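A single chain comes next, written as structure tokens; it is the form predicted on its own.
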């Protein structure tokens, strides 16, 4: 066997044959420009987008000698998270170097699998308002509660025991006296009861002189526990309208909140919305000048283009705000000449992610919890396969 073939065989036996092949001078290391464009961009034509699929399998460009396999070192080198906006209720950040399928996994987990606390049981002692008991209970269930779900247990873990570790109790008592104008009952009327329920069970008769049995069995007050000392429990928004009472009408009830996930019911979903979009890319294929530049700028409702003056009365269109592009395609409508001037694209591995929290947890904490849940899912899959 020739010496070169022997060395190549030794490289293959050592598991680095691919590295040897890629190091040869006559093996291309990059894709041709047109294939690189199709691999990394979605082309948004006037009729429909094309090349929307992501090419992930390793042998996709084997005939060209280009390694397309997914490697951990390449992922760690290219992956970035850039926070663009962060407030108490919403967050916008860029996921760079990640497949859209992974971004969609985060979106689905945020909507349906990150737990929160929400009102599940409502015990109505008196309701003479025009709002039916079922409707009132449904409205209470959708009121966001500011309580860290990581400090509570799922109710099914304790059976029928409703204790301080799995239940939050709120009390609501509102009355409109006769002769007074109508009043509006808002969510700020929900008062936290750290000692648990105060309503006696109807089906249980207590002994004379003993404390009546209630709907919960707290062994201690929640505000005395160290994990709740710095985490005050309340409703997130105090101005949510629950009902309106006329003269002589009254509402008295207890609402019990428990831990759950959005897959069970939407009231446990921690986000008002969670969505992503691929980064828009607007490319001018030729110089757009003078009156045509003004027409292009006026065509765009998102104000993506600007006019640049480069002397002697000459003006040229520039792409000033490509991130604001909504891909409405107004700039490429009007004939083939506009499609030859402007190219609209999406960057496949650059996702703009937006999270709007309902208020139970900050948006940055919600995303961290979603990452942990996805990590647990991956570990379970690896354990099952091994």
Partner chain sequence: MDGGWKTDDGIQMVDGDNFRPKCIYVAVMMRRIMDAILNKDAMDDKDYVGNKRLELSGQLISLLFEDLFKSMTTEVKNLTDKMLDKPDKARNFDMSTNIITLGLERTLSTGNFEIKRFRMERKGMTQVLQRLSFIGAMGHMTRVSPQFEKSRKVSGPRALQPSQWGMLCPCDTPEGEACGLVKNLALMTHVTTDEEEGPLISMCYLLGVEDLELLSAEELHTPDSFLVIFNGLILGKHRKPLRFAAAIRKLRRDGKIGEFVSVYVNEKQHCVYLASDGGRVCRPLVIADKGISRIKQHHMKELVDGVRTFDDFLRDGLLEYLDVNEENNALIALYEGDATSETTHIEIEPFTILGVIAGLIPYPHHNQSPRNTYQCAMGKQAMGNIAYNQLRRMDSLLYLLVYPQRPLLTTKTIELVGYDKLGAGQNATVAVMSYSGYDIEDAIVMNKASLDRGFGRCIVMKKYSAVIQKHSNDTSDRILRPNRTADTAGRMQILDDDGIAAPGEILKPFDIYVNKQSPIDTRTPKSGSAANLPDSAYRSNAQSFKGHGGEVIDRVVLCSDKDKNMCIKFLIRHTRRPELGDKFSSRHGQKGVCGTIVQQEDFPFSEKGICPDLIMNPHGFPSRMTVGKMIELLGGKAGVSCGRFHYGSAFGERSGHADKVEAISETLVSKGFNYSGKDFIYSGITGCPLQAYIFMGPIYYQKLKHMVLDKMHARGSGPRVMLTRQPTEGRARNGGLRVGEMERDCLIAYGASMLIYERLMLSSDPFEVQVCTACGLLGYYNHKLKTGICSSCKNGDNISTMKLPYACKLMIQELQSMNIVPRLKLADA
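Treat the numbers as computed from the prediction; the structure is a model and nothing was measured. Positions refer to the first chain, counted from 1.
Beyond what is shown, the protein has a form predicted together with its partner chain; the following relates to that form.
Task: One residue of 87, 132, 157, 229 in contact with its partner chain, assessed in the predicted bound form (non-hydrogen atom, 4.5 angstroms) - done: When its partner chain is considered in the predicted bound form, the option within 4.5 Å is 132.
Task: Proximity to its partner chain in the predicted bound form, single hit among 196, 144, 260, 100 (heavy atom within 4.5 Å) - done: Result of the distance check: 100.
Task: Contact of residue 328 with its partner chain in the predicted bound form (heavy atom, 4.5 Å) - done: Yes.
Open item on the list: Is residue 278 part of the interface with its partner chain in the predicted bound form - any heavy atom within 4.5 Å?
Closed with: Answer yes; at least one heavy atom of residue 278 falls within 4.5 Å of its partner chain in the predicted bound form.
TODO: Verify the contact flag for residue 54: yes if a non-hydrogen atom of it lies within 4.5 Å of a non-hydrogen atom of its partner chain in the predicted bound form, no if not.
DONE: Within the cut-off, so yes.
Task: Contact label in the predicted bound form: residue 66 to its partner chain, heavy atom within 4.5 Å - done: Judged by the heavy-atom cut-off of 4.5 Å, residue 66 is well away from its partner chain in the predicted bound form.
Task: Partner-facing stretch of 313-321, 330-338, 30-38, 66-74, counted where any non-hydrogen atom is within 4.5 angstroms of its partner chain in the predicted bound form - done: This holds for exactly one stretch, 330-338.
Task: Joint contact, 47, 111 and 273 to its partner chain in the predicted bound form, by non-hydrogen atom at 4.5 Å - done: Every listed residue reaches its partner chain in the predicted bound form, so yes.
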